[in-house]
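Let's start with one chain on its own, the form predicted on its own, as structure tokens.
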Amino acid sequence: MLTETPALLRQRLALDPQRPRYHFLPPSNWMNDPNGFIQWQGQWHLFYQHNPYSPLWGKMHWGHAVSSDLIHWSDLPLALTPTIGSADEAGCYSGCTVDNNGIPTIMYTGTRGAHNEIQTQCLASSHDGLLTWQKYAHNPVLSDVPAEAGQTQDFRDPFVWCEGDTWYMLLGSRIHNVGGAIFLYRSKNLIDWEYLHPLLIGDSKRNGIVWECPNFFKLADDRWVLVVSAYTAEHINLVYYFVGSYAEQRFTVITEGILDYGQLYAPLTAVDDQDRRVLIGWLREARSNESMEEAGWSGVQSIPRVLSLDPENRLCMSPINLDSIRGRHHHLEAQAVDQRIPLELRGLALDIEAVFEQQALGCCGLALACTEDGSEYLSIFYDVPAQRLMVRYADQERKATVSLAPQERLQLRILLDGSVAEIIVNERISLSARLYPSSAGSDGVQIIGQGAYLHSLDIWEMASIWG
């Protein structure tokens, strides 16, 4: 039997109206966390957690894709695969890629055991431009969990950076009966690691019992940002950020917040050649295993976002420039909104910029992926008096507090793409949703509101990044 090439797989699965057209996802099967995200000699390399054999979660490999613009991607062969009898025989899990004196080097978590319960940190390097990888012969390079963590199997997802001639590494973990924790290490050679102390410890009741996928980076002259993905006792996964000062390997938090209130998880950041901090994250599914098996694919990466801080030390984010795939443009002038206003435009691959005036009373927003009979739609709805954004689809609802200054306009940036909707409000609140239109006819667009005033609406039809 002939095996389908990645290009043929993409061509066949592209007929699925729920499958995104301009977000990255593999040709088929399962994908979750982004890994090893790095710009190398002008090219962006994205690695990702991947089960190449099934659209369901399974023994993890590192998938690999490359791009010159963070928009159009080309598939490359698997970068890491589990090695029987080694520290990663049960899976090659999340990590990062660094420039080790001109040698691309991956730090990742390898697992052993029937339930991935033995989690250790491993090393691999490339000598052919990130195309093939050689694992360090003496992996793992770190296996001991700090004693203060207590009895835990959660010890994973290295994030590494260099200061002078010293490497530093963060690992996600927990402290039993306390909360999530991020542990800090240092090394001169990426092989011999010295444990220092927790960089930050959370509160299990407030921000999760386990922290994973840490990111730590300088974003202003005197401000550092820690991003963690948190697993809570209520089985809710959220991404938190902490902004503060960092000196002598100690982090002091000044402000904190939630990076995304919806389906985005396990984001990873990297610096580009313009000194921008760019973030990409996994957009989780919200459908059954049976649906994923039938579709043949699972998991999407977000559109990369450029990060910044505002004067109040809040984390802000803006999608990268998408002009190269923007197609037909639709513009709507300012007008009052007191009912649903259907637009002639239809589509499930749209880039939307909507701006509403803030009124003393009222509500405003958009309905997307609407059916003709109104039985199915995604509602993106801002309640002005409550200063709250609500996103509803079928029986799912997510909420986020969006506090606007007295004269501040509501700015909605919405990236709709098949079953994905990334919603960014005033560049500082993110809520990513998943929707599963039942037919190609579920593609209507409406303005919704009562006592509202639309300042402007611009919508672009988006082209596929796969040609």
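Being a predicted model, the structure only gives us computed values, none of them experimental. Residue positions are given as counts along the sequence shown, with the first one as 1.
The form predicted in complex with a small molecule is left out here; the points below concern that form.
At a distance of at most 4.5 angstroms from the small molecule in the predicted complex, all three residues W57, Y93 and A266 contribute at least one non-hydrogen atom. Only one of Q411, S67, N29, Q49 lies close to the small molecule in the predicted complex, with a heavy atom inside 4.5 Å, and it is Q49.
When you look in the predicted complex, the only residue of L80, C213, L123, L279 with a non-hydrogen atom within 4.5 Å of the small molecule is C213. The partner is not drawn, yet in the predicted complex one stretch among 429 to 437, 416 to 424, 394 to 402, 32 to 40 has residues with heavy atoms inside 4.5 Å of the small molecule: 32 to 40.
Though the partner is left out of this view, R174 does not reach within 4.5 Å of the small molecule in the predicted complex, counting heavy atoms only. In the predicted complex, none of the heavy atoms of R305 sits within 4.5 Å of a heavy atom of the small molecule.
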